[in-house]
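Take a look at this single chain in structure tokens; it is the form predicted alone.
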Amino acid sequence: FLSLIPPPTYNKVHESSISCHHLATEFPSEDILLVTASPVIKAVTNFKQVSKTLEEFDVEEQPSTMLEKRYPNIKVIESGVKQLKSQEHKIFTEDGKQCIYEKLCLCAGAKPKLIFEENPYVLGIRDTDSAQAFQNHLAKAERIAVVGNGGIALELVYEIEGCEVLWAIKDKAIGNTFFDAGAAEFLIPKLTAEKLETAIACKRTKYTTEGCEKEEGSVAAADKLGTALGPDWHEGLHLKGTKEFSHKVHIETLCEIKKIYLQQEFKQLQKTSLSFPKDSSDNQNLWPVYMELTNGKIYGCDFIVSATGVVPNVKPFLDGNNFTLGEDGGLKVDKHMHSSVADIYAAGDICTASWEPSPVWQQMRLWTQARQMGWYAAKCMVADFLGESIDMDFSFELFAHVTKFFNYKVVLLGKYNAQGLDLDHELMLRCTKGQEYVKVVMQNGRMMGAVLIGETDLEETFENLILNQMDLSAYGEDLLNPNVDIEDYFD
């Protein structure tokens, strides 16, 4: 057996350690190899099954030797991967080692889609080291630009204080990946409010790096190997610029970056930039970098954060191997997490689920799914090795994810944005400004998905209603009537 991770800059890492745990337990006499370029691994702790499909856990950074001490049959090889030769069942590491495997699980995660890769003023927040570099540069900044509309962008824009933030998104509303325009409108007031509230306790992931010397210099200096980020990556970072105000955010919608100018080029071309919107002062500052948007506007700033998503990190394994790729570029896996190449499995962000999914499940490259896939892939490897059959894990029955945006608890269930549903679906909404936002997706009288923002206490009830597909036509809008105790009604 062998569970494999290439350089940790690009991965979530913990799906592989989870696979190793399970394999080592099931096969105490077999050698389990963990190949990683990092001296640390991510271990799931304080796991809690909140409901049938919703789960909370911490992910702790531990030395890789912890695995070896706990499981004598696990050996950690600290090196990057140079080549995979699947026909020979061999991998070659960058330090010159050769490993022969019987079963192999690829957990290489995904790598960021950086805009303008070589620009010294464009920073991708991809790992703990680059997050630290971002904090250092933010401490000297008066204005930054954030490009992207995913989870990191949402968290970043909300957490930054004392710095003007220009936020460029290609969609009509913020958070398009996670919720609709209505939910976005519910959240936006938080971008202008003072951050006086106590942060909601998060029971998922806290990462720290210790004993690392940080490089000063250009923003791009953080583009090194480092341990991967997790949810709540900003916890413990001091995300404050040079100004005394709390939030000052301007959003440019339906646009992308067309071109980036460094200060000297900008002066030579005699371009004109705009002041920060709603800023009464005549801003004649010369900025280190300028961005021209596809809507024709040009803004100057201290640096630009690229938060434009990720792509599966498959490149290290494709040469000479006959992998079938999905439309999103991931390694296609069947319902037993097996790739198109014999004896090779894949889990987490690197893979693309190619089985016929449940009507209320979809793949998203999130930490919760990476953990589930890592565990399930190990079970599949064990079953295959023993010649046994295995049923699809229950976690793939319903898409369920809990996170936090703008200090609100956010629960996403099923087809929460009506993904893939026909036009005959309908939406039901309940919103209390500043407290909660509830949306359910209905089709033919049955609940297909839900978005819950705030402390609604509806997640378990709605989870059950989506799973059992009860016909709810008779209840109509009473489903969301705040005067009806829906939990007791469907208990």
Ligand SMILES: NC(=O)C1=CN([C@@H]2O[C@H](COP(=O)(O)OP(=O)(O)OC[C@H]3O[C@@H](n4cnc5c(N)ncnc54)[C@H](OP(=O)(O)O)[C@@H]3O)[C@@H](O)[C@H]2O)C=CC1
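In this text, residue numbers run from 1 along the sequence as written. Keep in mind that this is a model prediction, so the values were computed, not measured.
Unshown form predicted in complex with this ligand; subsequent notes refer to it.
Using a 4.5 Å cutoff between non-hydrogen atoms, residue 406 does not count as a contact of this ligand in the predicted complex. Not displayed here, this ligand is kept clear of residue 135 by more than 4.5 Å at the level of heavy atoms in the predicted complex. In the predicted complex, this ligand sits within 4.5 Å of a heavy atom of residue 115.
Using a 4.5 angstroms limit between non-hydrogen atoms, residue 151 touches this ligand in the predicted complex. Stretch 176 to 184 is the contacting one of 176 to 184, 337 to 345, 135 to 143, 390 to 398, since its residues have non-hydrogen atoms within 4.5 Å of this ligand in the predicted complex. When you look in the predicted complex, the only residue of 147, 104, 291, 380 with a non-hydrogen atom within 4.5 Å of this ligand is 147.
Just one of 307, 413, 301, 331 comes within 4.5 Å of this ligand in the predicted complex, counting any heavy atom, and that one is 307.
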